[in-house]
Each structure stands twice: as C-alpha cells, then as structure tokens.
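Heads up, the chain below is alone and in the form predicted alone; it's given as structure tokens.
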Amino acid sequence: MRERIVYLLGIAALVILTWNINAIARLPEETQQGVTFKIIFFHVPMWAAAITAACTALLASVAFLVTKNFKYDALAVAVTEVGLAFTTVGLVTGSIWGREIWGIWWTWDARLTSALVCWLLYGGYLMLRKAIEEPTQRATFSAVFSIFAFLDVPIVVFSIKWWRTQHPQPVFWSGGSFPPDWTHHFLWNMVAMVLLGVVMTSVRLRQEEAQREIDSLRRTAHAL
C-alpha cells in the first residue's frame, strides 16, 4: 500500500511538472527581466520544498530525543538528504538568475550568505553521521545538530526583511502580485516540488530502514 501511494504521488508530480513546464514556456516574457524571470517558477518552489524538509527534520529530531525511537532518526536523515538536494538546486538557480540580472554569479549579501551557511550546516549533519558508528550515539548527536542547524532557517527566510540586501523582496511580501495565470502556474509548481520531495523522502526512508535491518542482522551474526 505504501509503495502504491508513493508511485501515485510520483506520477502526479511528474504530470504536474510536465504540464506546467510546457505552460510556463508559453507565458509572455516579463517586461524588465525577460525570459530570465521565469526561473522564479522553479527557484522559489525549490526553496519552499527545502524549508519544508528542514521543518520535518527538526520535528523528527525532537521526536527522536523525546522517544528514542529510531524511526524518527531514519526520517530525519532521509528528509535532510532530500532537503539538501533542493537547497543545492535553489542556490544554483539563484546564481543563474543573478548572473543574468546582476551580472555576477554570487554576492555576499544576507540572504545568499545565510542560505550558503544553511547548506553547509546540513551538509555537516550528513558528515557527522558518517563519523559516528554507534547507532544510539550517532542518532542523538545528529538530532542535536539538526536542531542547531535549523536555527539558520528563519534567518534565511527573514533576512531580506531584517537587513537591506541585494536580493529582491518577494513579490507577495512587498505588496506586489502576479497576473492570475502566472500565480496559477507558480502555485502548481509549489505543489509539484513538495510532492516530489515526499516521494524522494519516502524512497530514501525505505533505503534507510532496509540498511538498518541489514546492520541489525550483521550485529546479531557477529554476536553469535
């Protein structure tokens, strides 16, 4: 049943993305940024999926510390890996947009710097897990580190409100709006990216659970 749901969600995400990419390609160009503006239809949903993953990892880490149930540790590592992938694509698409609009690939303003720090923190989380072999100690240290890493997420989100940055204000925060058809495709891409994140997390979680079963059998065999 679980695998069937994952397949259905994956198909739904692919159908939405295929239809939406075709529709976005036919939208008129933005008056000032031209075709480059269309990156926003993918850049923002990628970050939305990444932040959703970070929130899920936080909740799973807290749940593990409270319950000591390793299923929450498995969820935390699975969703962190997926979130890091979305964060990477978010940084890359943002750099492409910056190169076309600002004339540079990168600038050390508050939003970009805090986003890079976020990427490094969650990358460090995965490195920490590789460095600790004992399962309980690894899960505990990783959960604490995940909670610490999440402290940067609100900074990434609100940095453009707290400081004057080169990064533009979000359209909706600054009182602006998209044409109705643009908003329609923007929101569908948000749904597609979140669905894709759920599917990728489910697949990675299944792999993590299988690996834990193998490790448990291996330890039992060594004990005998």
Partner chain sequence: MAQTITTIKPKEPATQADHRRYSFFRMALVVMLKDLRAELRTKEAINGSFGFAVVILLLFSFAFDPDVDTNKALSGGLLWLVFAFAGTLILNRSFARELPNDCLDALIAAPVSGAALFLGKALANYVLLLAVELVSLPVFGIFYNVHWTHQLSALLLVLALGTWALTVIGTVFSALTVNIKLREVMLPMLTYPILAPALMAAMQLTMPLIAGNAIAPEMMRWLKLLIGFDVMYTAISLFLVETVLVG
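Numbering follows the first chain given and starts at 1. Computed from a prediction, not measured in an experiment: that's the story for all the values here.
Below, we turn to the form predicted in complex with the partner chain, even though it does not appear here.
Asker: Would the partner chain be touched by all three of 27, 30 and 44 in the predicted complex, meaning a heavy atom each within 4.5 Å?
Answerer: Not one of the three qualifies.
Asker: Exactly one residue in 85, 92, 101, 144 has a non-hydrogen atom within 4.5 Å of the partner chain in the predicted complex; which is it?
Answerer: If I apply the 4.5 Å criterion carefully, the residue I get is 144.
Asker: For residue 152, is any heavy atom within 4.5 Å of the partner chain in the predicted complex, or not?
Answerer: Result yes; residue 152 sits at the interface with the partner chain in the predicted complex.
Asker: With the partner left out here, check for me: in the predicted complex, does some heavy atom of residue 107 sit within 4.5 Å of the partner chain?
Answerer: No, no contact at 4.5 Å.
Asker: Looking at the partner-bound form in the predicted complex, is residue 190 within 4.5 Å of the partner chain by any heavy atom?
Answerer: Judged by the heavy-atom cut-off of 4.5 Å, residue 190 is well away from the partner chain in the predicted complex.
Asker: Quick check on residue 68: any heavy atom within 4.5 Å of the partner chain in the predicted complex?
Answerer: Result yes; residue 68 sits at the interface with the partner chain in the predicted complex.
Asker: If contact means a heavy atom within 4.5 Å, which one of 36 to 44, 195 to 203, 182 to 190, 60 to 68 is the stretch that engages the partner chain in the predicted complex?
Answerer: Residues of 60 to 68 come within 4.5 Å of the partner.
Asker: Pull the contact list for 87 to 124: residues with a heavy atom within 4.5 Å of the partner chain in the predicted complex, in sequence order.
Answerer: Heavy-atom contacts to the partner chain in the predicted complex: 113, 117, 120, 121, 124.
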